[in-house]
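What follows is a single chain, given as structure tokens, in the form predicted alone.
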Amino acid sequence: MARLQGRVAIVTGGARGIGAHYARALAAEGARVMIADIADGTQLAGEIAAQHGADTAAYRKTDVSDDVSVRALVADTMERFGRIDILVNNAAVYASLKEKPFQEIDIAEWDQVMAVNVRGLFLMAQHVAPHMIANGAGKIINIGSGSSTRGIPNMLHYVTSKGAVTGFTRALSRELGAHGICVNTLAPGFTLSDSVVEHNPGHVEGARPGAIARRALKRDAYPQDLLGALVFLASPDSDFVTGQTLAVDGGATNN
């Protein structure tokens, strides 16, 4: 039997890039998936439904930084699927960011990164958690980044936001553990996702050589490399794992 049979997952930022790979992987393991994104995920939801059966996927346009939008997403998920078992907090501002010295980051850009990458996690967890508590179980998977352990330059807003993910996971796991809810961070290294390759080739050119050099496994990382860890953290296989950061970066983070 598929490891996630009967489970319902929300994947934020799930319409494209790595998030779309996450949504497909969860569905392949038997989960019904709600795709939440400001980008249009209708086609992806239809693709998943065609492959895995009607009512296995849906899409709702969602701004995770907006409380009203998140409330509507959670309500729609409960109405469509009747439960929420897995939350993948993947939505983030990243692919569009240009490397620049921190003195050149304007306030509006800083605030946008923090609103999506940090407040978005908080709002999603705040509104999903009551449904998981009612079930006495749940999996919250926050997508972090290996950049926060190294402190890479010229991406201060992004790196700071991903450092916050680590603290968020550790603290929230303490609050929700009594309810049987596991909260963990999946921390990819620099990954050749569709979004970053298409929208930020300059960043790819600058980041790729150093990323490979830092790794014990000397190759590029692709979204498919993350899916085994994601399914593990979403499945009963990780029922006694919480508050942890799982780095999937070819050995760049080795501590």
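All figures in this text were calculated on a predicted structure; none of them were measured in a lab. Residues carry their position along the shown sequence, with the first being 1.
Below: the form predicted in complex with a small molecule, not depicted.
Within 4.5 Å of any heavy atom of the small molecule in the predicted complex lies no heavy atom of Leu233. In the predicted complex, the small molecule lies within 4.5 Å of some heavy atom of Gly189. Interface residue remark: Arg16 is counted as part of the site for the small molecule in the predicted complex, having a heavy atom within 4.5 Å. Among residues of the shown chain, Asn184 is not one whose heavy atoms approach the small molecule to within 4.5 Å in the predicted complex. Every residue in the set Thr62, Ala91 and Ala95 has a non-hydrogen atom no more than 4.5 Å from the small molecule in the predicted complex.
Segments offered: 167 to 175, 125 to 133, 139 to 147, 74 to 82. Contacting the small molecule in the predicted complex at heavy atom distances within 4.5 Å is 139 to 147.
Ala39 is the sole member of Ala28, Ile212, Ala39, Ala49 with a non-hydrogen atom within 4.5 Å of the small molecule in the predicted complex.
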